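Two forms, one chain: they're shown below as structure tokens, one block per form, named structure 1 and structure 2.
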Structure 1
Amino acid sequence: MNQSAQLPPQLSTFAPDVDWMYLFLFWVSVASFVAIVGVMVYFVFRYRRRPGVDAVPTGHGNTALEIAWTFLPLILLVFLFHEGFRVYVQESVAPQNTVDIHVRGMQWNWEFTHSNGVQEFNQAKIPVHTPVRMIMSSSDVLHSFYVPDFRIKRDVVPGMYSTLWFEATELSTPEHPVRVFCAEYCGAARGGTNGAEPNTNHSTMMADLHIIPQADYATFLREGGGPPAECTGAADDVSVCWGQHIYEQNGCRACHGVDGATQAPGPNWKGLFGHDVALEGGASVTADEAYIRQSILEPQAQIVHGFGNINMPPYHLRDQEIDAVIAYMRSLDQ
């Protein structure tokens, strides 16, 4: 089925089947609409009120006609049901030997965990021409994992796993990744955030899928998880650069400033590391490595005074990643 201007690009194996059905329905609808409204307009014109011409009394109707237009549409409806269900079954039953990726939805980020334990935030590498299964759950409210280019959607529900699968048919470029949207309303941060900023509310809870060659994904699964390729130079610089990368990719910036000024919604990172901070409940603690690590993995354990109503979700970073974030945090004060 050719690409239609009404629909997004066809980038999964499901897309042609779904689009065929969409366009079939579209033309059936156009034909039905033209027929119904055409007949209506014709009758309104043909039987317009004229002096001396009375309406012909309806009489007792026509049972054969009634039965015909009650049951004939059933043929079309049964066909629609069958075709729609056929594709739905394919979408529901994943093949054997899929590449599995765990997805966690949280206000307003997507966390992807690959089988090698490497996590990506609001972006994920996906091998092309490979059945990929998303095993999804939510750490807060309902979300819905929606990829228009793949024609797939599934709610992401706290307290249970939902799955979907797809097979991407084309490589993507870094400039044009395949976009994931959240399709189940999940709210917004209260007060004063710019709603156009990435990952601050339901409408900007997006992620990018980078469709890469199978061989590249295999390499990534074997060796992946280090700093991104653009971080070069001395070991310290790589660490800081990686930390900044994590800060930007994981949506930390939505709440934490790094300019030392704004303290909302979360504490600013500049001037934080190594200083004493007052906690909710009156105690105080030094913001050292141990405290930063705990605040990432268990944000609710020791909350800085004044931020008790902020519900930061835990971020399951690996130790090297946490070290990089701390290196970045320290670099802010130099």
Structure 2
Amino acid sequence: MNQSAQLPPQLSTFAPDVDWMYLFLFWVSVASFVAIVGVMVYFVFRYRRRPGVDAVPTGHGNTALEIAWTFLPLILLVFLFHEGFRVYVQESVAPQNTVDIHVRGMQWNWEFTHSNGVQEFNQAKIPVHTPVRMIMSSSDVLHSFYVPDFRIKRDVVPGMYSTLWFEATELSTPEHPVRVFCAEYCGAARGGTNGAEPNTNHSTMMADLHIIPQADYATFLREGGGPPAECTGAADDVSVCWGQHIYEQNGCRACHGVDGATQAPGPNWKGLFGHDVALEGGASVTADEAYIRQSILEPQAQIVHGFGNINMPPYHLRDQEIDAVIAYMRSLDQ
């Protein structure tokens, strides 16, 4: 892995070309700064005011010098444009054999949907040495998918699709995944009680890309996802552990507390399951399995009284994941 002292690790096929352009511009700027300041200091010393020496006009211009300092930078600019456009086209045109992953940005989470229908929130498995295309959309406001280690960034705009592609060159480790950021200011946390926690506001809208071998990714597509590894050996119910994992990883805690007291921005989960809930418009409903399922898949169908101004996006969880969330909610009352 090549890495400059100024830049993040190079973990994609794009990174070396992007870094070369950056370092070339950096050293051209350093050389230009030294040359210009050096000449300026020389002129300040050479033509300084001295007692008994009168100022003498230096002439009316130098045509050859003016032509030189006009056309020499032009040659440099043409070269920079050519190299920059070459890298831009390379990053913009995806090859034919890409692995497609759909990405949805929402306040303040990233949702990844693989070709087998499995969804991951704020983390995604990525095959190494394989072109991967992200087909991206937003469910609310403008976001920006930014991966510094890959040297890629693309805006995610409501009402349209944008795409980018990359090819990871190295495997990641569980301790050091490749981090995704939102590079667009997409809103501040409402309430502010959990501002420092992951996926609770713009500054913490991050996701982890786990770069795995191609064979492991093929197995994942064939077999689908299940409970995370830390839940398979859980002393308590695996479903409860999985539900808590979904609550933490999917950004649910940004709006829903589990302490039984905090009621902002969304209803608290503790003491919710199995009890009657007052809805907007005066009706009420029992918060049973059917209600929780509908609230996850269709959040605007039955809105809790007092939360009509909250625009919760739909979460396309699988039945097993919804069951795990319900198991976790029920465990909060035990």
Partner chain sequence: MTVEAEAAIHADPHHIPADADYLTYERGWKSWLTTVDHKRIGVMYLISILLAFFAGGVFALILRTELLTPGRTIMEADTYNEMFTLHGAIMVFLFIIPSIPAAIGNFVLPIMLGAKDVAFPKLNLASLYIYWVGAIFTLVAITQGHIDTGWTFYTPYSTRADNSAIWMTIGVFILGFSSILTGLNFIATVHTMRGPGMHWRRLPLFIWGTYATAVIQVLATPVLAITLALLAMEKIVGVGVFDPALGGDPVLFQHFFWFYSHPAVYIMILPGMAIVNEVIATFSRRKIFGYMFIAMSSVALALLGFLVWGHHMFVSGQSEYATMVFSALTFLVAIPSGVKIFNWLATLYQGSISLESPMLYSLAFIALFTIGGLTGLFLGTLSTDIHLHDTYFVVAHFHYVMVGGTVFGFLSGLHYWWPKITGRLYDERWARVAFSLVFIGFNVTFLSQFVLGSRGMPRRYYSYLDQFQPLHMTSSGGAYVLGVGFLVMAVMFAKSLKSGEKAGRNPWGSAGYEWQTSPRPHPHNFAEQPVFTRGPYDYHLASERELFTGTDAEWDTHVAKKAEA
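FYI, numbering is relative to structure 1, first residue = 1. Between two forms, the rigid core is the largest collection of C-alphas that superpose within 1.5 Å. Nothing here was measured: the structure is a model prediction, and the numbers come from that model.
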Original post:
The same chain appears twice here, once per structure, so which copy is the form predicted together with the partner chain?
Top reply: 1
Original post:
After superposition on the rigid core, does the Cα atom of D276 shift by at least 2 Å between structure 1 and structure 2?
Top reply: no
Original post:
Is the C-alpha displacement of I67 equal to or greater than 2 Å between structure 1 and structure 2 once the rigid core has been superposed?
Top reply: yes
Subject >> V30 C-alpha relocation of at least 2 Å between structure 1 and structure 2, rigid core basis >> reply: no
**OP:** Any chance you could measure the C-alpha shift of V53 between structure 1 and structure 2 with the core superposed, in Å?
**Re:** 3.1
